[in-house]
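Heads up, the chain below is alone and in the form predicted alone; it's given as structure tokens.
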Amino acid sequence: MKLVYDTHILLSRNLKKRFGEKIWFFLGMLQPALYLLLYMPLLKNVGNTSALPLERITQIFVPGMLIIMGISSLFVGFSFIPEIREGFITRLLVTPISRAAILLSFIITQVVVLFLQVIILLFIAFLLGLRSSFEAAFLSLILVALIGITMSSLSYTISIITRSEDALASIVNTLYLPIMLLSGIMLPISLAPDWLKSAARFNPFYYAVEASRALFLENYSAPVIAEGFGIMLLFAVISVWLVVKALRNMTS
């Protein structure tokens, strides 16, 4: 199938380039470890969490960390804009390569990197006392993949439209901070004042965080799990449609 073949060719190229940037790749892999080792221990002395064992704290903190790693895919456009500026994307567009394959190769590349980060984070978390089932970890991985697809597609869309790192930085930073703060990533929104709880309900990633926490608590019957997956799937479809449309407009 042409789409699969084209995607495979471009994916191989993108992965070689990403893994070839050894310093940036190492720092990306190191980031989740630093969050766990340097930030999570502080939670033992925060509010009601001081009475919780480390295992329970990891069940609260790690699911949020998985989501923030997916949301961080919003920054992937900074490596995509040089591809546009140097003419690589334009050259691809005048070849018989499938347009969908171009986008899929970049999106899958980011998801692969994201998976590696998640696996490292979960490994360290289990060493620190996290106890959960394989099913919970696997379903959380799927949820993070949906978020990675959503945010990377959105980042590529902004990159194609603006073609400027400055504009991308302004837009991404404007979106990233409220998304992170209103999703209960670091601490559960249940610890927040009522007005902040109400505001969080309008943040789709709040439901993803709550779904991830319910999974790690093995509360599979919680309605928020279906809500989190449903919302993230919808946003993934919309974001992919947007980036496809942006790429088509680029050729017109």
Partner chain sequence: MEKDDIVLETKGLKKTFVTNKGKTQVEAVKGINLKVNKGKIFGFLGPNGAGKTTSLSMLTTLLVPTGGDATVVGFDLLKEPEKIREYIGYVSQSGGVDMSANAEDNLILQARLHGASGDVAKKRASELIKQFELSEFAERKTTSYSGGQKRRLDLALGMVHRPKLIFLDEPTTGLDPQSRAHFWEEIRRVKTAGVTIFLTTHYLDEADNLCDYLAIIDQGTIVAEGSSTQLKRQIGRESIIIGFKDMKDLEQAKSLLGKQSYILKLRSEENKLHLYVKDGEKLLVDVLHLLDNHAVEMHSIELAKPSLDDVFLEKTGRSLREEGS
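In this text, all values refer to a predicted model and were calculated from it rather than measured experimentally. Numbering follows the first chain given and starts at 1.
Below, we turn to the form predicted in complex with its partner chain, even though it does not appear here.
Listed residue (Ile142, Leu177, Val94, Leu127) with a non-hydrogen atom within 4.5 angstroms of its partner chain in the predicted bound form: In short, Val94.
Contact test in the predicted bound form: Thr90 vs its partner chain, heavy atoms, 4.5 Å: Thr90: contacts its partner chain in the predicted bound form.
Met250: touches its partner chain in the predicted bound form, heavy atom cutoff 4.5 angstroms: Yes, Met250 is a contact residue.
Contact test in the predicted bound form: Arg99 vs its partner chain, heavy atoms, 4.5 Å: Output for Arg99 is yes: heavy atoms within 4.5 Å of its partner chain.
Touches its partner chain in the predicted bound form: Glu86 (any heavy atom, 4.5 Å): Glu86 belongs to the contact set for its partner chain.
Members of 1 to 19 lying within 4.5 angstroms of its partner chain, judged by heavy atom, in the predicted bound form: Residues within 4.5 Å: Tyr5, Ile9, Leu10, Arg13, Lys16, Lys17.
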